[in-house]
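Take a look at this one chain, the form predicted alone, written out in structure tokens.
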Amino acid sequence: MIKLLLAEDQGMMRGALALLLGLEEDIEIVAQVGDGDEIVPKALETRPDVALLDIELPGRSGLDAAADLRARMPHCQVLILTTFGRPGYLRRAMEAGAAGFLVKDGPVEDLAAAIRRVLAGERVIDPALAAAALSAGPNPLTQRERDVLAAAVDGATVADIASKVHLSPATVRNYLSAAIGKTQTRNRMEAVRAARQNGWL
């Protein structure tokens, strides 16, 4: 049996995935979580073979949890399943050690087959997304620029951002200016939007 951990914040979607995948004769759902902070502790408790993770979760993102999970449980294969097929997300998932990346609009039979394939050591990536990621190129933002933009998401002031990321206001302005230039936008909120749309945040 393939032991599967399922992380999805939408209860109905999580329940439907668990029900459908549970119908497969060789897949056993050993854990279901709705918060990114629960992924690693639950995985350490239940020892899954494969972790099926959504990206946008309350608490930690599925991408952050994937990197930690791969470091702490190298035998557990990570498969990202998301609504948001953004090239930057694919690149970040691969950097985090994910073995696969699929969008949620595919049939459940393909998902079950992908679970089996990643457990067998294969990489499984949505072909259209792979092509888009190759044509999009790498993330132009540095980690600090991403940190500053992430802190600006809710419309925070420069002083608020500086406090959150432990930098001076002048340094925050410099990072925001660089991020605005690299995203080819006019202001920080447009830069945040562009970075999110590309999966860079």
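Numbering starts at 1 and runs along the sequence shown. This one's a predicted model, so the numbers in the text were calculated from it and none came from an experiment. Note that the rigid core is defined as the largest set of C-alphas that superpose within 1.5 Å between two forms.
Keep in mind that the form predicted in complex with another copy of the chain is missing from the display, and what follows is about it.
For the three residues 31, 139 and 180, a heavy atom within 4.5 Å of another copy of the chain turns up in the predicted bound form in no case. Only one of 152 to 160, 170 to 178, 33 to 41, 57 to 65 lies within 4.5 Å of another copy of the chain in the predicted bound form by heavy atoms, and it is 152 to 160. Residue contact check for residue 107: one or more of its heavy atoms lie within 4.5 Å of another copy of the chain in the predicted bound form. Using a 4.5 angstroms threshold between heavy atoms, residue 11 counts as touching another copy of the chain in the predicted bound form. Contact between residue 96 and another copy of the chain in the predicted bound form is not found at the 4.5 Å heavy atom cutoff.
At the 4.5 Å threshold, heavy atoms of residue 103 reach another copy of the chain in the predicted bound form. Among the residues 111, 90, 76, 118, the one placing a heavy atom within 4.5 Å of another copy of the chain in the predicted bound form is 111.
Looking at 62 to 100, the residues that come within 4.5 Å of another copy of the chain in the predicted bound form, counting any heavy atom, are 81, 83. Once both forms are overlaid on the rigid core, the distance between the two CA positions of residue 10 between this form and the one not shown is under 2 angstroms. Once you line up the core between this form and the one not shown, the Cα of residue 176 ends up 2 Å or more from where it was.
A movement of the C-alpha atom of residue 69 falling short of 2 angstroms is seen between this form and the one not shown when the two forms are aligned on their rigid core.
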